[in-house]
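First comes one chain, alone, set out as structure tokens in the form predicted on its own.
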Amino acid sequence: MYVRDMPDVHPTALIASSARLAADVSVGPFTVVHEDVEIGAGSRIGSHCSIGEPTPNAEGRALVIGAGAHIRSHSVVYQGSTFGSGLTTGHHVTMREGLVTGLGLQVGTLSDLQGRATIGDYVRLHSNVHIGQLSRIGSFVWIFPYVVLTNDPHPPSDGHHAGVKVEDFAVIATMSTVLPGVRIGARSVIAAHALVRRDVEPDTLVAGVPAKSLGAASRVQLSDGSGPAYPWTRHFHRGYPPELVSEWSAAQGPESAS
């Protein structure tokens, strides 16, 4: 049974009678919100989306989307995941079951999150990112376009998977591939087009195929010559809560303020 009498739901959208939407949630044309879905206050769902896509792998768990979400058109979000407040997606995003994410997750257009993974607070995934099952991503991580986090040591296999672990504040640049079970240390930087097949120590820059250490991440300088590019919290604050920026500035000294 579907209901259509919510004020911000387009007449062509289908909302399951058991779905729990806050009063100010908006739903665009031709979107389906399936059974056992909870969507928090102030959220916006675009057109042609499937929210709570049924799958037996969800094992009866609800889909919970926190307040202030913005899910853009043609995205599919499966049953059985929990998203913290402030979720934002691009278009044509797929997010499978078993995801548990923190605050402020941003997922770019055409990205594919394969589920059974954990993601911390304020993680930014750019377009065309693939996150394999069993991945564990910390907080304040940046993953740029066309990055692949793999999970199968000898494909194709069944039951022998190992997810990638990415620790807080790490940066993985465009078109890099991280092999199964690899740990990317906190504040480390993976250069573009790298193939990472071994663990990366914290605060380390790696590059190449296969990736090799080039020393401390802080050796990378800003293009204007004003100082180190990493840790990026010294110079990039846009989109982060003011209280976090204050903490970063205090931790790094007065020269980090911007």
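The first residue of the shown sequence is 1; numbering continues from there. Just so it is clear, the model here is predicted, and its values are computed rather than measured.
The same protein also has a form predicted together with another copy of the chain, omitted here; what follows describes it.
Colleague: Just one of Thr109, Ser139, Thr118, Thr82 has a heavy atom within 4.5 angstroms of another copy of the chain in the predicted complex, so which one?
Modeller: Comparing distances to another copy of the chain in the predicted complex, the residue within 4.5 Å is Thr109.
Colleague: Of these, Ala192, Ala67, Ala216, Ala62, which has a heavy atom no more than 4.5 Å from another copy of the chain in the predicted complex?
Modeller: Flagged contact: Ala192.
Colleague: Determine whether any heavy atom of Pro145 comes within 4.5 Å of a heavy atom of another copy of the chain in the predicted complex, and answer yes or no.
Modeller: The answer is yes: Pro145 has a heavy atom within 4.5 Å of another copy of the chain.
Colleague: At the 4.5 Å heavy atom threshold, is Val182 in contact with another copy of the chain in the predicted complex?
Modeller: Output for Val182 is no: heavy atoms all beyond 4.5 Å of another copy of the chain.
Colleague: Test of understanding: in the predicted complex, would His235 fall inside 4.5 Å of another copy of the chain by heavy atoms?
Modeller: Heavy-atom contact with another copy of the chain at 4.5 Å: present for His235.
Colleague: Answer with yes or no whether Ala41 is in contact with another copy of the chain in the predicted complex, where contact means some heavy atom within 4.5 Å.
Modeller: No, no contact at 4.5 Å.
Colleague: Since the partner is left out here, which residues of 119 to 144 would have a heavy atom within 4.5 Å of another copy of the chain in the predicted complex?
Modeller: In sequence order, His126, Ser127, Asn128, Val129, His130, Trp142, Phe144 come within 4.5 Å of the partner.
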